[in-house]
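Just the one chain here, the form predicted on its own, laid out as structure tokens.
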């Protein structure tokens, strides 16, 4: 039986081999970055949000990503329809509840989408706490809490959605029905490049399309981005060059770098 590190690398190879088609309803800020990141890892992105074509596109896609970054009424309808259509067609989907807790609109939208039981919910600690109905002070898309502070909330949210909950931060934590995984890759400079959390969500969409183990697939997706960033940072002088070098690092990521740099711990709940 393969160890966890090699199993996660197998998922990287599967994404490259199968090139899953990922339908993204995401925000204006990150569309270009997330589409390029999906291409760099070997996946194929669709960046479409018009309600009139959502059902058709979800049906032909391998998985779906819903990102709440830039909301309006029409987009919210498309997001809900995408989740419903994914469920009807047994397609896995990821919800990134960006900025939940910052406004009533975001809270109501997140509640509607969470009720559709996404396969993965991925957000920072403040977003996970807010999604789980904890009473906290929000700072929009930025987290005011360390990732480990949201583990209890993630367990509660996981019980409500029956999916995987991923908390991003200096360390990333993933929860499913029986396991808690801790990932410790990445670099603080990543916080100076807008949308890398959204990029992790998009990549997660590709990985859950090729694996039955949603927690390990999510762990592989997050690790791929964070390890690629570690590699890219060695060639970068700041956030601008990091953004450019990150795409190259994702595209060229080697087994040796992945296995040697990967930091993962998994325990039973």
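It should be emphasised that the depicted structure is a prediction, and the values quoted were computed from it without experimental measurement. Numbering follows the first chain given and starts at 1.
This next part talks about the form predicted together with another copy of the chain, which is not shown.
The contact residue chosen from 184, 111, 87, 194 relative to another copy of the chain in the predicted bound form is 194, the criterion being a non-hydrogen atom within 4.5 angstroms.
Only one of 232, 35, 215, 210 lies close to another copy of the chain in the predicted bound form, with a heavy atom inside 4.5 Å, and it is 35. Within 4.5 Å of some heavy atom of another copy of the chain in the predicted bound form lies at least one heavy atom of residue 103.
Another copy of the chain in the predicted bound form comes within 4.5 Å of no heavy atom belonging to residue 227. Although the partner is absent here, residue 243 is a contact residue: one of its heavy atoms lies within 4.5 angstroms of another copy of the chain in the predicted bound form. Of the heavy atoms in residue 173, none are within 4.5 Å of another copy of the chain in the predicted bound form. By the 4.5 Å heavy atom rule, the three marked residues 10, 120 and 156 all fail to count as contacting another copy of the chain in the predicted bound form.
Segments offered: 121-129, 70-78, 88-96, 156-164. Contacting another copy of the chain in the predicted bound form at heavy atom distances within 4.5 Å is 70-78. Residues are counted as partner-facing when one of their heavy atoms sits within 4.5 Å of another copy of the chain in the predicted bound form; in 224-258 these are 237, 238, 239, 240, 241, 243, 244, 247, 248, 251, 252, in sequence order.
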